[in-house]
Structures are given as C-alpha cells and as structure tokens.
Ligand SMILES: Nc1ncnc2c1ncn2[C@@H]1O[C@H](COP(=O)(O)OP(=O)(O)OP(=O)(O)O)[C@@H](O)[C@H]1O
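Below you will find one chain, with nothing else, as structure tokens; this is the form predicted on its own, and questions on how it binds or moves follow later.
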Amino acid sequence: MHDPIVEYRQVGLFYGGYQALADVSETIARGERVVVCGPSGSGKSSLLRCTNGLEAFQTGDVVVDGTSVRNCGNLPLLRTKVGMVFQQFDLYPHMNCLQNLTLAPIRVLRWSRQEAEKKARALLDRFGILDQANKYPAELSGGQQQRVAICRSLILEPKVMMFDEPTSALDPEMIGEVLQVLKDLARDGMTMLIVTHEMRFAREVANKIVFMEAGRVVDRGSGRSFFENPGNPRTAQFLKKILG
C-alpha cells in the first residue's frame, strides 16, 4: 500500500490476564477512510487508544507518520497529529467553546491567542456553531457539543482523525448532523479512522472496513465488497444483525 500514515505492527494489549488486542497488523493509507466495526469488547476502542498512546500496549508497535508510538519521547506533540473524538465529547465544562478550542494550540503549539481564536472562529463558523462560541458545554445540545469536540481536534491540523463511536451518546435527531460533519471531512480528503455501528453511514463513506472480534482483525474489505461479499461467516452474521 502506498503512502501509509498509520501502521499497526503486531500490536498486543493486555489488561492483566485479559488480552484486548492480539497481534493486530493493519495499514492505513493517507486519505483513507476506515471504519472499524465489530461486537462490543472486540478491541475497537482499544485499537484507537493505542494509536496516540492513550493505552500503553505491551507488544508490537504503532507508527504514525513515521513516528514510533512505543518510542515516542513527546506524546503531546504526537497527539496533535492524531485528532481523537470520543463518545462523551469530553469538553472542559469550565471553559466556553472558544476556550476549549484554543487551549491546546496556545499551550502545545505556542500559537498566539489572536491566531488561535481566528482559526477557532473559522472552524466554528464552518460547522454552523459560531453563534455558540461564548457558551459553555452545559448550554449546548449533544450534537452541538460533539461538533465543538470535532472542531477542537481539527484546529491542530491533524494528519489523522479518529472517532470512537461519535454518535452513540446522541439523541436520534442529532445523529444526522454529526454524521454530516464526518461526510464533509471525507469529501475534504481527511484520513479518518471511525469506530461506529452506523453501517449505512459506513457504506456511504468508508473505502475500507475492518471487522474485529476478540481482539483480532478477522475480516476487511472495500466499502462495497465488505457488504456484498463478506469474507468471513462471522461478518455476515454481524451485518445481518445490524442491518436487519
């Protein structure tokens, strides 16, 4: 595969005697949109958290844009390359939207406040929430909070964006607005790694789908072939249950 941006090299992760990831090897190319799916407890979120060093894996390595995560001496800087959006938004409740966006650029990348606020306002405007800039997270809907969280990652101009079930904590009517943000990013050519059960969205956006079970990658395919010709009976069973 040409121009890899993330490489998982036989990654193994253990929680005591429990193996969460078992020799996972996978390559994400620059500009690729990869959906990771599978049953609960299959290792999907753990894989994302290993990518930026939030989980300390015990064996193998992850290489992000040429940098080894295992041997990285500056994880905060690495994390500016790998944006992460969580299920529960994880915004700082005591800071308004603008402050949530500008904290990391000012502290980690040493941007001036003026530069950071200009970029923050442009992002909030792009995603239709500039009028919420001075509000605190508790004053926003779930969909608005998740869009702010996405903007907070994008302001650092990451090489890769990771989304860990970004719609699972939202009310049904708010899911669409967040999925639309992800579709916009896909059109822009952003490299994305998305854990989601929204399979219809995956079919529309992903150019690779990875299916995990029991800490292993057991199937993978292009967006269309994954659904039409799953390579593993377990994948077909999963899709039937999810899609009905």
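Since this is a predicted model, take the numbers as computed values, not measurements. Sequential numbering from 1, following the sequence displayed.
Below, we refer to the form predicted together with the ligand, which is not included among the displayed structures.
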Margin query: Among the candidate stretches 202 to 210, 184 to 192, 59 to 67, 36 to 44, which one is within 4.5 Å of the ligand in the predicted complex when only heavy atoms are counted?
Written below: 36 to 44
Notebook entry, point to check: Wondering, does Glu165 line up within 4.5 Å of the ligand in the predicted complex on heavy atoms?
Noted result: yes
Checklist line | Residues in 8 to 22 close to the ligand in the predicted complex, defined by a heavy atom within 4.5 Å, in order | finding: Tyr15, Tyr18, Ala20
